[in-house]
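In structure tokens, the next block holds one chain alone, the form predicted alone.
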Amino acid sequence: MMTYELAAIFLGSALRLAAPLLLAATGELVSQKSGVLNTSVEGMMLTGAFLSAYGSWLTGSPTLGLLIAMIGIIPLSLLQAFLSITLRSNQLVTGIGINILALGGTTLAYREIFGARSNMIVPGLDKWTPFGLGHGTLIGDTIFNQVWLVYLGLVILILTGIILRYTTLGIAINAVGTAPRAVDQSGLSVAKIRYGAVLFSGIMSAAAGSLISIGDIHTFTEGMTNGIGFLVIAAIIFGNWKIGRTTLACLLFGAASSLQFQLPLLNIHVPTALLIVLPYLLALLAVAGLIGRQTAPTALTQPYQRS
């Protein structure tokens, strides 16, 4: 039976598991709105998770670790942008290549620095309950007592939604993803807007990876993002490239992931493997187009070249 306490634990767990998706999806949505499918988001998250854990261990400050991750991801973001925008390479292929590079690079660096069997624990980001959200109560301590980066991510998510909808910059980003030639003829640089969008996607992916390593379990393990980056792309398809619906998709994936911890507490016995695969099954339905009709930006994945 679902009690009040179990419901609060479930909601808190769902929000915690959805938070990395929300952070990465904010950046990925901007990138896709500009016409660039950043399929290397998984590798960028993994790189961010490693850099933040290493930076936190090196400096003793998780905040500096987060900063190191967000700065350290810039070269990888520029590589993705250079390949897909300047060289006009296939965006799917370049993303796969960068994901493999990130997996190999972080594994090698981790083993060289900490050893193959290390179980290092690094300083983690502090948790915080916002004023007025029930600090000291069951709801406040189980639902709203989250790492401060979760709340910063929500603020960035809202600001991104406002910028995309109401500002000149947002109009330009949307236009580049639908009619890049018209944007070029207006005097704006298609390449600069797309470079900026990919760079923003990389920084947000690094923050998402940091939330997993130094915000959640306070350590780094090889391949620890475990396909979350691909869920981010699925969430955007699920959300039909709209920020509100993408947010709901991320929360849905987070709730689906949380079920693997919740159902045993309710004495509901479902194979663990089925619960683990549930978010990915939802993602498959979204990508397969079985959940409504999706309308992607018309110039998505299409490189632009002046004629």
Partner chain sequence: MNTAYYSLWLQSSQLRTAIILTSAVLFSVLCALALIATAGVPITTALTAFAEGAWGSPYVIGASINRSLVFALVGMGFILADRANLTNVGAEGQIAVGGIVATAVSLYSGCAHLPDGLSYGIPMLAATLAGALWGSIAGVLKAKVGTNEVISTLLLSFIAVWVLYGCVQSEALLKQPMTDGAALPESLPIPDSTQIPNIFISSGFGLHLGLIITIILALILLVTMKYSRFGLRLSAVGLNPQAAKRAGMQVASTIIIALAISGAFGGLAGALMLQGDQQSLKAGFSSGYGFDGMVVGLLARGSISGVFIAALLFGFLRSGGINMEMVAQVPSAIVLVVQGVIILTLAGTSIWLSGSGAKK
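Residue numbers count along the first chain shown, from 1. Keep in mind that what you see is a predicted model, and the values were worked out from it rather than measured.
Not pictured, yet referred to below: the form predicted together with the partner chain.
Taking the partner from elsewhere, V155 is found to have every heavy atom lying beyond 4.5 Å of the partner chain in the predicted bound form. In the predicted bound form, the partner chain sits beyond 4.5 Å of every heavy atom of T142. Although the partner is absent here, A283 lies within 4.5 Å of the partner chain in the predicted bound form, judged by heavy atoms. In the predicted bound form, the partner chain sits within 4.5 Å of a heavy atom belonging to I98. Within 4.5 Å of the partner chain in the predicted bound form, a heavy atom is found for none of L248, L259 and L265. Contact with the partner chain in the predicted bound form, defined as any heavy atom within 4.5 Å, is confined among 46-54, 60-68, 22-30, 235-243 to 235-243. Out of the listed residues G223, G104, P75, P130, G104 is the one that sits within 4.5 Å of the partner chain in the predicted bound form by at least one heavy atom. With the partner omitted from this view, the residue of I193, I203, L83, V147 that lies near the partner chain in the predicted bound form is L83 [heavy atom within 4.5 Å]. If you take 85-101 and check each residue for a heavy atom within 4.5 Å of the partner chain in the predicted bound form, you get L87, R88, S89, N90, L92, V93, T94, I96, G97, I98, I100, L101, in sequence order. Note on L275 and W241: their C-alpha atoms are nearer in the predicted bound form, a change of at least 3 Å from this conformation. A decrease of at least 3 Å in the separation of the C-alpha atoms of I236 and L275 is found in the predicted bound form, compared with the displayed form.
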